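Just the one chain here, the form predicted on its own, laid out as structure tokens.
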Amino acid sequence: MAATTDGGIVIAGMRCGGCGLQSAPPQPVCPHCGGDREIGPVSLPPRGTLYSFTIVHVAPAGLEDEAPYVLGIVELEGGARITARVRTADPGALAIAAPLQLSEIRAGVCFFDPA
């Protein structure tokens, strides 16, 4: 889903040539129109807004030491939505539509900070 190039962080996505949808991760078929032609790779922008979120208090195995943490849906500039971690010192202060900036990709997970 992500890679780094030139020291910058890139979110790998796809664009459907049929309906124009941008989404991540890249898939062989468009999740919107079902088209499988004219699907092409695209680098998604590292900025967006918080679309939805939850605060995870009881984490799954392996992430217990990180709880509580914020898991959110980030709507990137251009409309693609991705699931990501949102880092903040005060999860209670987060608000829908808050501006976010991609800060790190670790083990395929995007981490955003308030912008």
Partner chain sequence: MREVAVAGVGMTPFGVYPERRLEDLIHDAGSQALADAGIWERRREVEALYVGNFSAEGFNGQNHLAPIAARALGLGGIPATRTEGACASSGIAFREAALLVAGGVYEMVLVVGVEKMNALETPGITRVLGEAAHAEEEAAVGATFPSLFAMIARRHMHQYGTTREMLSAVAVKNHRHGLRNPRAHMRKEITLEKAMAAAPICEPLNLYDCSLISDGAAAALVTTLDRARGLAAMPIRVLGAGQASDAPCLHHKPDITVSRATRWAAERAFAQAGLGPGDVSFAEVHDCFTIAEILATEDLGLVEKGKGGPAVLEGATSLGGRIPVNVSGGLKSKGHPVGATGVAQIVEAVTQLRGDAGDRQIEGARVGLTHNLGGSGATCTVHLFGRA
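Nothing here was measured: the structure is a model prediction, and the numbers come from that model. Numbering follows the first chain given and starts at 1.
One more form of this protein should be noted, the form predicted together with the partner chain, which is absent from this view; the next part is about it.
Within 4.5 Å of any heavy atom of the partner chain in the model of the complex lies no heavy atom of R37. At the 4.5 Å threshold, heavy atoms of R81 reach the partner chain in the model of the complex.
Taking non-hydrogen atoms only, V42 never approaches the partner chain to within 4.5 angstroms in the model of the complex. The closest non-hydrogen atom of D90 lies beyond 4.5 Å of the partner chain in the model of the complex. For a residue to qualify, one of its non-hydrogen atoms must sit within 4.5 Å of the partner chain in the model of the complex; all three of A24, Q27 and P60 qualify.
Interface residues of 23-54, taken as those with a heavy atom within 4.5 Å of the partner chain in the model of the complex (partner not displayed): S23, A24, P25, Q27, P31, H32, Y51, S52, F53, T54, in sequence order.
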